[in-house]
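Given next, in structure tokens, is a single chain: the form predicted alone.
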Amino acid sequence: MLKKLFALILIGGLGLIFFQLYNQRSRREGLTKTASYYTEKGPAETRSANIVTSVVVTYRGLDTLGEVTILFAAASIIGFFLKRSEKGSKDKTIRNQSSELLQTGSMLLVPLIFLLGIYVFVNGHLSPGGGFQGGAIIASGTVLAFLANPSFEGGRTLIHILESLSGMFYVGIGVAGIFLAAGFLDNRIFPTGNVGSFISAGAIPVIYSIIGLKVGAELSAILYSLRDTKEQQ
């Protein structure tokens, strides 16, 4: 009885706090100074039709680098703690076979899912999407491959190679911006082209493609680790 009463008091207190915050909110009319700069100067400076992309990849590129680093650290920690032991690698777990319908469907869908993920991050400077979204789509294709074939091992080495190389290229392009343009991750190290065309926005499509490959590889590596650990239980 006391636990329920305490829970009700806690919920009521939290509700009161949020209600007061809601009443004290102020509606902002118009954009802030920083947001106004992005919307007014962004297309001319970066030649990117997607303002969000220009902010994420160039203006606040260091923040994006930090996010990718956190994801890399998370994948490394998960891989370390869920690493398959030598005994586990020798004693193969019997894996249940999936249905023929799922196996056949995955042969068609997995390549299309990967293609969609690539399309999303390659066109991130033109339309909604980008590296994180495209990488997540690619990882969902890995999930489907596991569901269709629990013994699926293809691409494990390629994933580790892409994960390492994409991080190196990301930092390399950022440093190139210091010497060839106006600062770290400045997209003008490549020709910026015209707003709205596929070959535009300078290095932004390249950076977003690198981010997409890195995110997709890291999420897929996490899925491999989780799958291997599940088999040992």
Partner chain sequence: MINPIYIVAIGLGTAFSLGLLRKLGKEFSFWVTIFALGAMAFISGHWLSAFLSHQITSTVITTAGGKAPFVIVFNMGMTEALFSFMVTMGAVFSGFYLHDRLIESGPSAMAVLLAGTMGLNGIILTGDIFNLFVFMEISAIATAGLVLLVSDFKALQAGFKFMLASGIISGLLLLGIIFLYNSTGTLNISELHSKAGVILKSGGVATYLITIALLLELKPFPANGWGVDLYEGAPSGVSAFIASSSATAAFFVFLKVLPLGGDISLRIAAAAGISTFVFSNLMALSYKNTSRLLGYSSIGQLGLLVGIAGLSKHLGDKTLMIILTLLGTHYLAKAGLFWLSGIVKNPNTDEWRSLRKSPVLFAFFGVFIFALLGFPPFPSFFGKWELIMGLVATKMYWWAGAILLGTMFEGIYLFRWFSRALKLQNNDTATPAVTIYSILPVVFFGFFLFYAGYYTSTFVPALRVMCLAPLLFILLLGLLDFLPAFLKNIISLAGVTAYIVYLWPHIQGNTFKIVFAGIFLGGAILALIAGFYRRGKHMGFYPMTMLMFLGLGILVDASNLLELFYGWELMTIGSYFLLIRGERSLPHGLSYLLFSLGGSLAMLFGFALAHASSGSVDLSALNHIRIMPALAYSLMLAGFMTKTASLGLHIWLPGAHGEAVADIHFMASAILLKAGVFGIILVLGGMGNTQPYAQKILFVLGWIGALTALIGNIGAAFQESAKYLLAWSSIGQLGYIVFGLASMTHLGWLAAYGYTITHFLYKGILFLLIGGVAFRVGTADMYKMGGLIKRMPFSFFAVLIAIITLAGIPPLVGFTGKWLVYNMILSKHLFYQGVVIIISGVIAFLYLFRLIHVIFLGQLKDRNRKVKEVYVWLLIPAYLMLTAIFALSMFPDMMLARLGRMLTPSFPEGALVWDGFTASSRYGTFNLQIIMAVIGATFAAVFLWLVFANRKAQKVKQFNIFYSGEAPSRPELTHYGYNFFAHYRKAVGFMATPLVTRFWDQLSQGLHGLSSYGRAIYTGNAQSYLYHIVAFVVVVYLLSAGGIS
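Residue numbers count along the first chain shown, from 1. Between two forms, the rigid core is the largest collection of C-alphas that superpose within 1.5 Å. Here the structure is a predicted model, which means the values were calculated and not measured.
The form predicted together with the partner chain exists for this protein as well; it is not shown, and the discussion that follows is about that form.
Residue-level question: is I199 within 4.5 Å of the partner chain in the model of the complex, judged on heavy atoms? So I199 does not count as contacting the partner chain.
In the model of the complex, L65 touching the partner chain (heavy atom, 4.5 Å): The answer is yes: L65 has a heavy atom within 4.5 Å of the partner chain.
Exercise: A203 in contact with the partner chain in the model of the complex, heavy atom 4.5 Å: Residue-level check for A203: no, no contact with the partner chain.
The partner chain contact in the model of the complex: A74, any heavy atom under 4.5 Å: Judged by the heavy-atom cut-off of 4.5 Å, A74 is in contact with the partner chain in the model of the complex.
Selected contact from L116, L109, I161, V143, since only one has a non-hydrogen atom within 4.5 angstroms of the partner chain in the model of the complex: After the contact test, the surviving option is I161.
In the model of the complex, does each residue in the set T32, V175 and I178 place a non-hydrogen atom within 4.5 angstroms of the partner chain? Every residue of the candidate spot has a heavy atom within 4.5 Å of the partner chain in the model of the complex.
Which of the residues spanning 164-185 lie within 4.5 Å of the partner chain in the model of the complex, based on heavy atoms? Those in contact are S164, L165, G167, M168, V171, V175, I178, F179, A182, G183, F184, L185.
Once you line up the core, how about T34: does its CA shift reach 2 Å between this form and the one not shown? After core superposition, the C-alpha of T34 moves less than 2 Å between this form and the one not shown.
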